[in-house]
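Listed next as structure tokens is one chain, alone, in the form predicted on its own.
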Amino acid sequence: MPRPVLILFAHPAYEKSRVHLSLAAAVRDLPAVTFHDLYEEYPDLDIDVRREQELLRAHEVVVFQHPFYWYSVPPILKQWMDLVLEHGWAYGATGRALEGKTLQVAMTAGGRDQAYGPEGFNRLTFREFLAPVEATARLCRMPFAEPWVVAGTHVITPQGVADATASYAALIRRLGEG
């Protein structure tokens, strides 16, 4: 039995992203996948908290798909976390709605891999930059999967996009299979 996967997609300039256009096209129609574009759903940023919580309840895997945006997540995804992950529902003594559900980050970065690490320009790894997201997962009792990252999107070749797309679709299939 497949595990339902919820992809929370957040890209403020989706139509300009050749990488995310390809990634999204590869996964949006996979079995047991719900592809949920937050900017499309909430252009006025008025997030329907109860609806989002129901989507979370109905899925076993949650994927944050987004560009690495100023060393973090895009604004709507941060707002989504602030509003949807309520105390007493997602965390706290009685907040167990997400317990055991997997959180996977799938993101792109314009900078190349070598820019991220102790010797790189940014000095931190992607995983270190994602510490707040990982801490959020832990607070919500969710296993945090190793982040999946496509780096160097400013210089990626068409073959690189195709390879990343195939890798992402395989990841989402594996997550759905458990």
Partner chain sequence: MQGFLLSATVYLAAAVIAVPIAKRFGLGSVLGYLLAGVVIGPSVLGFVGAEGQDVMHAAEFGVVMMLFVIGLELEPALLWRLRGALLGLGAAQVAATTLAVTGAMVAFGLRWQEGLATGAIVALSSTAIVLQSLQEKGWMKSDAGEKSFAVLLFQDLAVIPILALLPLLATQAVATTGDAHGAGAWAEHLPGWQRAGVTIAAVAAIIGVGRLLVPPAFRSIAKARLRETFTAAALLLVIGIAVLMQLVGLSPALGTFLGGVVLATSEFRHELESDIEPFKGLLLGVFFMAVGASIDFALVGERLGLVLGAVAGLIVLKFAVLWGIGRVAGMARDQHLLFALALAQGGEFGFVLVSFATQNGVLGASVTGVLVAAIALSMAMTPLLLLFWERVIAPRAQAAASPEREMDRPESEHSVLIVGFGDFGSSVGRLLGAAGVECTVLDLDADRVDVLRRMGLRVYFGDASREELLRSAGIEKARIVILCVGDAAVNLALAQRIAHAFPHVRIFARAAGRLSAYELYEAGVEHVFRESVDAAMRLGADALRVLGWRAHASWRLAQTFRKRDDANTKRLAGIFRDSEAHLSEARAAIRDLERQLREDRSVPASQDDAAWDAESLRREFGAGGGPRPE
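Numbering follows the first chain given and starts at 1. None of these values were measured; they are calculated from a predicted model.
Although not depicted, the form predicted together with its partner chain is the subject of the following passage.
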Heavy atom within 4.5 Å of its partner chain in the model of the complex, from candidates L55, A145, V149, L139, belongs to L139
With a 4.5 Å heavy atom cut-off to its partner chain in the model of the complex, the contacting stretch among 55-63, 39-47, 120-128, 25-33 is 39-47
Q. Is Q79 a contact residue for its partner chain in the model of the complex, using a 4.5 Å heavy atom cut-off?
A. yes
- Query: If you check in the model of the complex, is A97 within 4.5 Å of its partner chain, heavy atoms only?
  - Reply: no
Looking in the model of the complex, the residues of 67-89 with a heavy atom no more than 4.5 Å from its partner chain, listed in order, are Q79, D82, L83, E86, H87
